[in-house]
Ligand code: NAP
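This document opens with one chain alone, in structure tokens, the form predicted alone.
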Amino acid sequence: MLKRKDSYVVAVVGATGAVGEEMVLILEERDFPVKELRVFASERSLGKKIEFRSNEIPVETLNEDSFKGIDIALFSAGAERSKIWAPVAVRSGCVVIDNSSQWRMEPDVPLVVPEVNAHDLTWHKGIIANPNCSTIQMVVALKPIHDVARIKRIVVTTFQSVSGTGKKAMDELLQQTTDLLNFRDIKCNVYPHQIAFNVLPHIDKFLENGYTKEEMKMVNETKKIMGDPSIRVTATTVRVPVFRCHSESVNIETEKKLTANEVRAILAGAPGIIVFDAPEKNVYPLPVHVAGKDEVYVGRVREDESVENGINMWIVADNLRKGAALNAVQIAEKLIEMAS
């Protein structure tokens, strides 16, 4: 467990990626008690520097001794690197908060969204998993409803921005858009099909059951985070030509009947949520408005008239912030609160 201190030595692994850069930014924005920040990336980033609190910090590469003296490490360097280096960090006495998929479904690794299941931090063994971006924003909105009316079934369709794939995908969307508008041929390097002015019902690899890995992440992670394996979840995940923010159309069936107004009231009183719902005035969450925001925005709340106890809603959040970097930093803040 983390020991209480006035300030901490913090590492960001994968600091030159889209999420890593956001982690550094959020540590500064939230005035996290950083005594010293160290930043790590692959050999390709050697020579680069990351700005933090008006200082330029040189990028380092990882070795067996990298984590000595580091208290907290925020990982966003992919599953393969996490598999190798997270145990090395733990052996050095460091607490790892990992943004990859590597540890999420391990039984002895807590999968945490602080607004939902911060209590699970009490049993970590050095590694804490940060959930999938699309799962995070959904469970923030659904857990308060589950506590009141018990959710039996979730049907979710996501509309996920290209930043969820990383910087190269953002560059590809920009380049394809520019090329198309200038009547030039486009190139597809990151995605198997054109993403500009298009929609791809394909995120991550397809599995034998016909679902993608991304879809099954949402199914399995939701049950683990909510602490209720009986919830039935089905997902369709879609990539859209948006740079930042994931949107989700979510349909739930509850045990107890709730009206749309009751759902709005529940969500309005829950942490980390903004109810943005006045469709008669064209007020509903949009990626262009939510980008850069910390909260999960919920709108289009309405009763599903095809079933007895059904609710539809529209959920939007910044996938680089609450969907990744912010959630990781919030986990670190909770660990400090709990430190003895």
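Because the structure is a prediction, the values reported are computed rather than measured. Numbers follow the displayed sequence, beginning with 1.
Below: the form predicted in complex with this ligand, not depicted.
Check your understanding: Tell me, which of 45, 312, 66, 309 has a heavy atom within 4.5 angstroms of this ligand in the predicted complex?
Key -> Contact check passes for 45.
Check your understanding: Considering this ligand in the predicted complex, which of 200, 260, 88, 79 comes within 4.5 Å of it through any heavy atom?
Key -> So the residue touching this ligand in the predicted complex, by this definition, is 79.
Practice item. Have a look at 96-104, 109-117, 247-255, 138-146 and name the one stretch with heavy atoms inside 4.5 Å of this ligand in the predicted complex. Key: Answer to the contact question: 96-104.
Review point. Does this ligand get within 4.5 angstroms of any non-hydrogen atom of residue 158 in the predicted complex?
Key: Answer no; every heavy atom of residue 158 is more than 4.5 Å from this ligand in the predicted complex.
Review point. Is residue 264 close enough to this ligand in the predicted complex to count, meaning some heavy atom within 4.5 Å?
Key: Although this ligand is absent here, residue 264 would stay clear of it in the predicted complex, with no heavy atoms inside 4.5 Å.
Exercise for review: Answer for residue 163 alone: is it within 4.5 Å of this ligand in the predicted complex, judged on heavy atom distances?
Suggested key: Yes.
Check your understanding: Does residue 62 reach this ligand in the predicted complex, with heavy atoms at most 4.5 Å apart?
Key -> Yes, contact at 4.5 Å.
Practice item. Within 4.5 Å of this ligand in the predicted complex, which residues of 4-19 have a heavy atom? Give them in sequence order, or say none. Key: In sequence order, 14, 15, 16, 17, 18, 19 come within 4.5 Å of the partner.
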